[in-house]
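Just the one chain here, laid out as structure tokens, in the form predicted alone.
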């Protein structure tokens, strides 16, 4: 079948004068289980097969279908759109690649009964119960994707990738006040990732944190020394640095990093990396959705802005090599330049040494969402909780706390990078499409504006 589809595409490309094309044929299986306050809210097991064709001639043409019998129509439509495109872009073609790659872990997700997954969710839901906990939720999701990638230069790549994620949420209420806390676990691989989660320990942690936040105080406002924990470091690096280093933002004139390759943006000890090859992380993969092998990119190396993340098109336009960061939400979406696992590498500081440096500041923990303007470099992120630091000691617990500033200023203000790297905060990045990512780093000491979220 694949050979027949490829021949149809070659014939259509010749007919429409298409310079380059690629075909993705995917089979995706997904399981989802969710429970809230003891009630089963969702239980599904889905299987989907589909095909997409992307063709290039000055600009892109794209078409997809969830029915392989429509392959000829999909091919013809993509080629026609490419022929009609009036763009003046370019494309990196590269050499043909033939390979197979599997990231499915030791215990295949399909080998674990649905009943065991339901049992896990029920157990977590029960354990989240407690004093003042008025709302609790547990969600489990998994997906296994088999993709055959073909292109007009002769590549044939078969990949099998599995991902799994578990999320625990508790909301505590008292005297009209409400506080929510959550924790997510997951990665690329099999059921062994879930087996390593101590559900009893973490459900207790999540519900206890929600209760403790009820007693926390409002944060101070102003510019302070700030220590970010590994999770908040990861969110800051993903949102503020990572998105600014995506080459489509550079190509489109929308990034504060335009023209800054080779310039110093931070201290010698600051190295920021995006690496899809990290074992078991949620954003890991072997090949991107353009058939390019994913590789480690050193966005900032020892304080110097060193690399952008690229795909086939931005690499050609900017005169760079593609580094395997063209990712799509599914076969039905076109690849965009995206991150994978983004983190700050280890520095030399022990966390306790960093706290000793702070006379009056804040320790900010976890991620509570936010927004960034990569063109201007301004950002605001919420932390899940915080503590005031006085003379190196952790004091008052604060809630609804935010961190804001300008990316380049906050990078320049970094004074210390910890040695305690943690990359284990699985989530989804939205950029018109959703793709799985991970991020993290060590504790980092900088200076930024702190305020309340309300």
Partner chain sequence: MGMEAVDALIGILERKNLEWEIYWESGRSGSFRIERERLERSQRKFFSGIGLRVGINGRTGFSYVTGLTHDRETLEGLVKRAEKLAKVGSVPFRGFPSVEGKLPAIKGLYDSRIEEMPFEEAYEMAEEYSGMMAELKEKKGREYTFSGGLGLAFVKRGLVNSNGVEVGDGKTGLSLWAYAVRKGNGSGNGYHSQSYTGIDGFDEAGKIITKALDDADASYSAKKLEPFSGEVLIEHYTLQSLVYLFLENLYGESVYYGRSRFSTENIGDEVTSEKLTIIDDPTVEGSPGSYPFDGEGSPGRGKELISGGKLRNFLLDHTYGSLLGLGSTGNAVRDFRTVPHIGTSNILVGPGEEGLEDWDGVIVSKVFGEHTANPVSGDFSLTVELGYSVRNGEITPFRGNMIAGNVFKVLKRVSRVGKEMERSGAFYGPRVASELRIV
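Numbering follows the first chain given and starts at 1. Predicted, not measured: the structure shown is a model, and the values here were computed from it.
Beyond the structure shown, there is the form predicted together with the partner chain, which is absent from this document and is the topic of what follows.
- A residue is said to contact a partner when one of its heavy atoms sits within 4.5 Å of a partner heavy atom; residue 60 meets this definition for the partner chain in the predicted complex.
- Residue contact check for residue 95: none of its heavy atoms lie within 4.5 Å of the partner chain in the predicted complex.
- Heavy atoms of residue 255 reach within 4.5 Å of the partner chain in the predicted complex, making it an interface residue.
- When the partner chain is considered in the predicted complex, residue 37 lines it closely, a heavy atom lying within 4.5 Å.
- Proximity to the partner chain in the predicted complex, taken as heavy atoms within 4.5 Å, picks out 361-369 from the listed stretches 157-165, 96-104, 361-369, 294-302.
- Here is the short version: of 323, 233, 179, 151, the single residue with a heavy atom within 4.5 Å of the partner chain in the predicted complex is 179.
- Checked against the partner chain in the predicted complex, the candidates 145, 208, 251, 132 yield a single residue with a heavy atom inside 4.5 Å, and that residue is 251.
- Of the residues in 100-131, those that come within 4.5 Å of the partner chain in the predicted complex through at least one heavy atom are, in sequence order, 114, 115, 118.
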